[in-house]
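First, one chain by itself in structure tokens, the form predicted on its own.
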Amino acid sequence: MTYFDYNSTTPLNRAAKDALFDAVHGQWANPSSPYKVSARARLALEKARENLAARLHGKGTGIVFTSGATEANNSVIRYLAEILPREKGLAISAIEHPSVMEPAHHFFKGRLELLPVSQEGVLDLNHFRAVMATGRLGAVSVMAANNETGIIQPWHRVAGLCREGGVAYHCDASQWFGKSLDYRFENCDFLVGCSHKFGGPKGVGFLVLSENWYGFRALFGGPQEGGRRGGTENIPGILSMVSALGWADRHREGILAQKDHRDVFEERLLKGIPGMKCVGKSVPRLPNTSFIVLPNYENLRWVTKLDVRGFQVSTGSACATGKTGRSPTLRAMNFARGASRRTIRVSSGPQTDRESWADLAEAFLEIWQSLKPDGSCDGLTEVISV
């Protein structure tokens, strides 16, 4: 098996496995209880918080551990809807993850602004500046990098403009951590990360708050997480997550090397499959991600045939699987409706080697030849606008 769906979820890396095993056996106590074994669990929790804060160049007092990015994103959007004045709205990019898009539509009915992206999938900063100039916004949500295309968004500039304008900025950086060198989100008011995107366990994540928003509350109940999220903390998951991020950061050269492997893979496919498109090839992308539009045949056929050959890829976002119609990302980038059924996302991990990428390219080409009815591509390709 050669796994190429790391943007969906990742296997536990070595440090995450070790930390999880140790914590399950040694840090099982409730950190809020009054006895010694609980005090040790509480100390381990706070050390993990300090470790994460140091990696993010921030303060541990602003970190809230969550069950993942979906909880964190939903909580932030709901909280903003409750505390912002009714005349102030929320602007989000048109390519946000469903865990931002859906609560935004639900909680900000009548005061939600969708920010367009270019045909290459990058936020239109000129349009954003024009919307900011109206004075209607109370908050903005723009992701760091898109989960389907891997295209990096101008989050640094968005964060700076929001800070200058006194507007709250929320950034879903689920795909960012473990794949980039830059963790300086100092102008971000709400920052979200997700463990299983960088080699940690599922069911755990984090939300980082700026000092301006320490009054935030995600879940009402007990006094856990500084009163910001009631409920007993998932100590093994948290310790494993923080260890996973440390391992990913120490092995960044592996993920950064994926860019060269990916680029060779894309050039091979572009030469061998006439009419194929690589989305975002001319703009900055995550080094591990390739989002392609095939000239013919539905993507599920490709996925199934690749799976038989031992390669796991996806058609796009796992969180959009089973939903009807195009994903918001494809719609925002003006994909033709038919083209959206021919997209494949390939995403690798830090230990994916050049040979695996080359083998995947050969599998694509073999399948392309097997699907063609007569060995020629006449009449099979289409002009696709991306």
Ligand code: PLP
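In this text, residue numbers run from 1 along the sequence as written. Quick caveat: nothing in here was measured; it's all calculated off a predicted structure.
Keep in mind the form predicted together with the named molecule is missing from the figure; the text below concerns it.
Among residues of the shown chain, residue 64 is not one whose heavy atoms approach the named molecule to within 4.5 Å in the predicted complex. The closest heavy atom approach of residue 68 to the named molecule in the predicted complex falls within 4.5 Å. Heavy atoms of residue 76 never reach within 4.5 Å of the named molecule in the predicted complex, leaving it off the interface.
Using a 4.5 Å cutoff between non-hydrogen atoms, residue 285 does not count as a contact of the named molecule in the predicted complex.
Not one of 141, 163 and 189 comes within 4.5 Å of the named molecule in the predicted complex, counting any heavy atom. Contact annotation: of the candidates 175, 93, 240, 149, the single residue with a non-hydrogen atom within 4.5 angstroms of the named molecule in the predicted complex is 175. Exactly one of the stretches 251-259, 108-116, 289-297, 94-102 approaches the named molecule in the predicted complex with heavy atoms within 4.5 Å, and it is 94-102. Using a 4.5 Å cut-off on any heavy atom, the residues of 186-221 that reach the named molecule in the predicted complex are, in sequence order, 194, 196, 197.
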